[in-house]
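First, one chain by itself in structure tokens, the form predicted on its own.
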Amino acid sequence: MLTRRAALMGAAGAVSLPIFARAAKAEEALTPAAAPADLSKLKRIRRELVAPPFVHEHEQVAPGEPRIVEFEMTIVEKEIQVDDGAYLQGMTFNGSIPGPMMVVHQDDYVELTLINPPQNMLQHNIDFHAATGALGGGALTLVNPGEKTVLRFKATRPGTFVYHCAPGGPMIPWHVVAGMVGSIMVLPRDGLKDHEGRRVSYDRVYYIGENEFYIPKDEAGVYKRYGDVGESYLDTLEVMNGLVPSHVVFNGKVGALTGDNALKAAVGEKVLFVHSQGNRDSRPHLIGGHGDLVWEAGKFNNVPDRDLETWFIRGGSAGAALYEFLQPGVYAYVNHNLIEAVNLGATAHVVVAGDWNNDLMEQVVAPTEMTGI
């Protein structure tokens, strides 16, 4: 495997070797020596992950005692078209950017089978911000191409959390900005609560993962395109270190959640928006709507804020906002750094069906030509 790892990076091979060595040593040092936990009496269920912005089937209130919830996720290295003429050598969980959202309840056990197929070039792992110990599981899940591993952890804290790849050293930010980031939602066993402790529910949940990409350009200002992920490393590293992204997008590319891909809702529906950012701060805003209840830091033990116009997502975290749509039409869900929303791509649309309410807003006089000037 060492020869393969040296070759996979092409020109960056010599740089990559000490990085991989450090990652392997970290894994060995943190491998625990303890008797296996006896969870044989717990019920097991299997959830099939779906690509964002959608979320797999789940209950909002836990149906009984804690369970072991099984997931399987495959790492896919592939080229992704981010915009016209702009291609990313992406690294993904299950082929999507962001990776799929997992949903469990507090005190459930998450059991993930993580697969790194032999056709991939790089080592990968997974760090769950929802987990406790071993670098969020990253120290126990480092897999080379052609390997798989199974990690189980207890979801002790309710909320929305980021997960991401963290194989060690400079590989960590590169893998994250190449797409290897996702989210897990740990619901309270008795469901979400409002600011007065009353149970609230949602009719739909949408997962919006915000990513910034650093796609290199040539001397003529044209985006470069690479044959594989290893070939792209050195140029991408140089752009990354400048901290100026070429794109800031929702769900992997410009326009991923607009046009035919716009999110859908109806007047009277309550929609839970889960928003994650693995690397930079963001500020979601729903143009024409509000955050009725907002768990800005994403942690459901905390009392939600109310009636927010814009909320803050810290880099390396996920937050949640619940809104009941009251008017039909097209709503823009944006990063309210409007330069990033309009010029770099961080915009989604929600198309809402239903009847207009003139009591909430009415066009008293339509635009007409002014006279007498």
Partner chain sequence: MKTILLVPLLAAVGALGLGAIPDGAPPFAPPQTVTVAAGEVSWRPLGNFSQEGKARTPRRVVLAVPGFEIMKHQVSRDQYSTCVAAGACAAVPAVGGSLPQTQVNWQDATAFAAWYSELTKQAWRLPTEAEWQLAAAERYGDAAADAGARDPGERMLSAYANGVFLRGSAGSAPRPAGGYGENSLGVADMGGNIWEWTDGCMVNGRLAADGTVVQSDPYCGVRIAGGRHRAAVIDFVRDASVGGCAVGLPPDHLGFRLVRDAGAPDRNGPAVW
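What you see is a predicted model; the values in this text were computed from it and never measured. Positions refer to the first chain, counted from 1.
What comes next is about the form predicted in complex with its partner chain, which does not appear here.
Practice problem: Check, residue by residue, if Gly259, Val364 and Glu369 all come within 4.5 Å of its partner chain in the model of the complex, counting heavy atoms only. | Solution: Yes, because Gly259, Val364 and Glu369 each have a heavy atom that approaches its partner chain to within 4.5 Å in the model of the complex.
Quiz item: Residues in which of 53-61, 302-310, 317-325, 330-338 have heavy atoms within 4.5 Å of its partner chain in the model of the complex?
Solution: Going through the listed ranges, the match is 330-338.
Quiz prompt | Residue among Asn241, Thr156, Thr113, Gln81 with a heavy atom within 4.5 Å of its partner chain in the model of the complex | solution = Of Asn241, Thr156, Thr113, Gln81, the residue with a heavy atom within 4.5 Å of its partner chain in the model of the complex is Gln81.
Quiz item: Is Leu234 a contact residue for its partner chain in the model of the complex, using a 4.5 Å heavy atom cut-off?
Solution: No, Leu234 stays farther than 4.5 Å from its partner chain in the model of the complex.
Quiz item: Should Ile287 be classed as touching its partner chain in the model of the complex when contacts are defined as heavy atoms within 4.5 Å?
Solution: So Ile287 counts as contacting its partner chain.
Self-check item: Touches its partner chain in the model of the complex: Leu39 (any heavy atom, 4.5 Å)
Solution: Contact check for Leu39: no, nothing within 4.5 Å of its partner chain in the model of the complex.
Practice problem: With heavy atoms only and a cut-off of 4.5 Å, decide whether Val342 touches its partner chain in the model of the complex. | Solution: Residue-level check for Val342: yes, a contact with its partner chain.
Quiz item: Counting only heavy atoms, which residues in 344-365 are within 4.5 Å of its partner chain in the model of the complex?
Solution: In sequence order, Thr347, His349, Val351, Val352, Ala353, Trp356, Glu362, Gln363, Val364, Val365 come within 4.5 Å of the partner.
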